[in-house]
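Next up: just one chain, as structure tokens, the form predicted alone.
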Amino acid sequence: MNSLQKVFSSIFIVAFLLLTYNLSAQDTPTPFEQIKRMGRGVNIIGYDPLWRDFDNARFKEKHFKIIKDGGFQTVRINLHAFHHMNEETLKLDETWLSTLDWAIEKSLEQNLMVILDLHNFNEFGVDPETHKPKLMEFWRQIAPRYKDKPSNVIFEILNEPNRKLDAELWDQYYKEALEIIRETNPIRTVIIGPPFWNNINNLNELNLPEDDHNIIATIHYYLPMEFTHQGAPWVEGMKDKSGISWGTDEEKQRVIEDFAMVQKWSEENNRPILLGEFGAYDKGETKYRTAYTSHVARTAESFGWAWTYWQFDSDFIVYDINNDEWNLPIWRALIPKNEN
């Protein structure tokens, strides 16, 4: 091959790669289109024994189909990955990764959208600097592993940055992690939320990069906490609370106004919204929990958001794994009877 042939060959290769990338970019849904595809979803398997012992899993392969047939389009997989990293090398355990491979594949087989949500938020709240290397190393391993997965697979950098991981620090951390992801996934949809537990009142502290529009902003909504977390032993001052109702016109209007504020931010910043978590803890009275869950879900939908309910199993449950049946009041609050 002479010099001229080499030049034309190089030009052809570059042109082919650019065309391939452009076609791929055209085939990749925008974040707003992704929101429409995500629709109604549910958080899964964050606290399931399967991560340590697959044979003792509560969540089985059949549950992916149950979720799909139950009217959901998305699963948000909660990953407590730091517990499965080698303390010295930070390498993720291969058995744990194989379980994640299984969860992704079985979700995709049911045509479910998949959110990979790094859920080690408590560790970060206490000591962000110590855990920063784990965050970066997690995405250095996960991003290339799943770079060839379809656009149905979405990355969420970190659940609920909080406490010592404040706005300034979170701004640094998520941008560094996003840069790592973009090395192998230049156009994959990524989810990022504001500091202080993805709180709606902290959205203005979320400064997303202007040159990256493959991003969905996420919020979590559990207001009023006195109602949604009554009886919750992990929340200070809530363990002994009970008998708190919900559903007055004023309480319903508060949800609408809160979400309207978020929608205003969304429109001003041209970013779609995922309501990544919401619900009311099981200790509350069912009729009030049902009313709350339905109202929050329908209000989110009225603004064109996607949502992922907290959660399938463990607590706040929408599915009773022990009895192998839907928790009917909560399920129907999420998925009305005539819609699945």
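Just so we're clear, the structure is a prediction, and the values are computed from it rather than from any experiment. Note that residue numbering begins at 1 and tracks the sequence as displayed.
One more form of this protein exists, namely the form predicted in complex with a small molecule; it is left out here, but the text below deals with it.
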- Answer with yes or no whether residue 119 is in contact with the small molecule in the predicted bound form, where contact means some heavy atom within 4.5 Å. yes
Flag residue 53 as yes or no: does it have a non-hydrogen atom within 4.5 angstroms of any non-hydrogen atom of the small molecule in the predicted bound form? no
Check your understanding: Quick one: is residue 234 in contact with the small molecule in the predicted bound form, heavy atoms, 4.5 Å cut-off?
Key -> yes
| query | Contact between residue 316 and the small molecule in the predicted bound form at 4.5 Å, heavy atoms? | reply | yes
Which of 184-192, 253-261, 221-229, 128-136 lies within 4.5 Å of the small molecule in the predicted bound form, heavy atoms considered? The stretch 221-229
